[in-house]
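Quick setup: the structure tokens below cover two forms of a single protein chain, split into structure 1 and structure 2.
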Structure 1
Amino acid sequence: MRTSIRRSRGTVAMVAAAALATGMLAGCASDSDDGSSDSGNGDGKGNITLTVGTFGVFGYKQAGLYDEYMKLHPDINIKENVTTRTDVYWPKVLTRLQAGSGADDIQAIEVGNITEAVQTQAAKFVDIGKDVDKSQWLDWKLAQATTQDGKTIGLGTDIGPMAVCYRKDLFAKAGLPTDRAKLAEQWKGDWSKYVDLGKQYMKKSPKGTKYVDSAASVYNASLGGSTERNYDKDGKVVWDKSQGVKDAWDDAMTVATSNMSAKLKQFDPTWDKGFANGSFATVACPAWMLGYIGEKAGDSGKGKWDVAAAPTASNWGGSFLGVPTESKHQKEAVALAKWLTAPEQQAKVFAKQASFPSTPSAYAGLKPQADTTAYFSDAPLTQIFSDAAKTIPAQPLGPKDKPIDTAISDIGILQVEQKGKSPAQGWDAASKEIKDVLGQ
């Protein structure tokens, strides 16, 4: 009895192993079949595989653009290499560019890194501006990717024009106007007016809610709308004298010291939970954030959120596509980058992902998803964001903008907001941090 069981088990194992082996062989066989059929239609040229290095969610795959392009160009294969976090993605790209190997055929560059790329890596990128009609792009977007001697190293993908997303129902309970035009009128021109409305909100705030998600988000929004950030137009660091930084800092300090903030950190899990629980009534939202809000706030927020024009036209985020000179298929890569950033394709990405185009000619035909529009109370999203996009000020950027902004937001402002430090202490802490960042 016992031996027979053992034997039958052995048989089973052998059969299983055999089945597995044949399965694997079959797998190999079918693979090679595919391979030969692919090379069949390449009319002797053979396939070219282009790799596209991106971070986060670019939406090209989601909008079916790669498939579409491969159908148009049967000899091209596209492979996307995605890194989730930008702060992991960019150091990797930098080292690969300088090593002269390992970079993808198309490399995405985030706006926070574009100046560093322009100032230090321009030689490693193809002058992609020669092959395109540069007037397609917003002037300031094009300028960000162009060196002083006129070489354009990247084509603009999306931009992040800002609006204010707010909870109509909470505003009504707090006795504030809920009409988007009226609100936009009320805070027009100055983020401090938007903050002032917060004081009014907090007087009658619905239980468990605050006016805004965080002081840092107000800082970011206000700074994005100023004409001066951390660098002047000659490329000198002037963050501590910059009017833009000063105004944004003051707005953020009012928020941090008057109990109107939910004291969350953006893109933390707790921030996501804040959307779901409805613990704050407004957030400064670039176009790409709409999908995020819908996802995190969930069905219960549907129709309660609305979108109003921001106090000043302000930009947050956006990217570029560049082709490294080390690419073995430069011509094909440039063609693909050109196609992906053309107005028609940018409109397709907007329809899927709400990433806002950097090419104004696309604005007339923009159609957001019906779900998104319904979620935000049928607000005229295209109108609001294109109006903002057209008036965003050109802002000189610098190579260390990112760490400087981080030091102000996540050191200076956070200390005041969450640790009860005085604004002066917060400013000192941020200054010290920035000195360390700049190696001064």
Structure 2
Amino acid sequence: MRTSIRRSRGTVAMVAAAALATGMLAGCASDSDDGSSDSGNGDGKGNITLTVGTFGVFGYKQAGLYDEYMKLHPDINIKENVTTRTDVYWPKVLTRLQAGSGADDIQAIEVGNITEAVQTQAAKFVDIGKDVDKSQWLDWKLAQATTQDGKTIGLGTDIGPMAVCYRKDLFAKAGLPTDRAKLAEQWKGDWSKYVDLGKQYMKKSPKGTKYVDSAASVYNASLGGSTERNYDKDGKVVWDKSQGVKDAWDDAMTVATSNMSAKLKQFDPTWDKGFANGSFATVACPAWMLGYIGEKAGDSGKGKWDVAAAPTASNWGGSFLGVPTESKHQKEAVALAKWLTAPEQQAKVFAKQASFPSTPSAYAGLKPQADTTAYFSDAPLTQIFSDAAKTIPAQPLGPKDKPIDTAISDIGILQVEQKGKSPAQGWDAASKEIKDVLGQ
């Protein structure tokens, strides 16, 4: 994942990971501005200069991939143009695509924007799927970047398979099992089972602690494991009828109306303090979040945190590389995008950046750093996240997923959890916002 913090769930909060592979407490950084910067990597020796437009830090430069490629292809010079924030990056890309000029030879596309790109910008991108072995990628990842008529506009880079990170010391004090396999079996198949365990936790909860960080995090995790989100397979908006939304909302409301939530908003400073103070015992965690937990919980959390398989496999985050048709070097750009996203290169980025690969053949060779594994009680991290990645459902996505999810989490759920509104009042408030967004 990118080494930038996007504080909205809708934009997918990518955190200074450096977690699984590079030593989780090293190399953490966050974006502090919304500007853009150019990061030239080429040495000017190549006859052809390819530009790569990214947001945050993809890790290609850090992993030495640009230098390696230029050494393999002396006629190619690579320049990376980095925009730190996705909310600045994507509108700029759209403007340039519409103008037919100014786009980079390769453009990164964040998962929160891929459906919009597929549905409205497909003609602006090369059908890059013709030049690769599509079976290298997870089916659901490939489907996200493929149009209904089979055109693939982007190659998958990383993903964010989810697990449950938990404080086993707090579980022990609450009289709950601490073995990760037993816990995974106890809540397997349904996030409501995970929520039910929270009721047991609160009966003997250690003083000053809650079971989970927030109801919204439960909503996000539960929804991510559903086969249906806000749109159906035909692209129709069905958020108010979606079984996935209903189940996730019910789980979140059970949490919000109980005493098991610390009532924190993820990526706010209070959430960070919650890790440091040990004020909650569990959090649904994508692979990239391990570094964030280690950074915020600090040395005092070492050996107290553990990781168990999530009730259902789900994904949070990820990106793609596409080649705009306006590129004057389409052939060379496709070749570079294909090489950067190949399993071998994704494994190298994981080793440097901890971005979890979207190509399963890379999983067998992934090796977390010893200090990261030790921090999380020697949990089999790559096994847990790899198993999750292979079973994540292929959800139909839509162009308004982001504002719909944000309205439900940041308006509906927060009104119930933090302002004491009823679930019906919270749903009505979220519905009003969503209808405004959709123009209904």
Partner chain sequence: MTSKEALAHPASSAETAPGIPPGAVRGARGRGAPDGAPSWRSRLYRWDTKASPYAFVTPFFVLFGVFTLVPLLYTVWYSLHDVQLSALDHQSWTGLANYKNLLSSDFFWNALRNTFTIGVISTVPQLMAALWLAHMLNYKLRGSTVWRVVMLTPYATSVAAATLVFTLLYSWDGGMVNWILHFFGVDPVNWRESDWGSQFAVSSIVIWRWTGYNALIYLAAMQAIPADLYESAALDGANRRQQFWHVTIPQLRPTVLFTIVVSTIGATQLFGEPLLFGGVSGTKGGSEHQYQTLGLYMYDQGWIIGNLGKASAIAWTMFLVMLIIAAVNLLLTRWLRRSDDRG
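Residue positions are counted from 1 along structure 1's sequence. The term rigid core refers to the maximal set of C-alpha atoms that superpose within 1.5 Å between the two forms. Note that this is a predicted model, so its numbers are computed, not measured.
- Looking at the condition given, the form predicted in complex with its partner chain, one finds it describes the source of structure 1 alone.
- Taking 2 Å as the criterion, A103 counts as shifted between the two structures: its C-alpha moves by at least this amount when the rigid core is aligned.
- Fitting the two forms on the rigid core leaves the C-alpha of Y375 displaced by under 2 angstroms between the two structures.
- Put simply, the smaller rigid part swings 11 degrees relative to the larger one between the two structures, by C-alpha superposition.
- If you overlay the core, the Cα of M70 moves by 4.9 Å between the two structures.
- Here the rigid core is superposed, and G56 then shows its C-alpha moved by 3.7 angstrom between the two structures.
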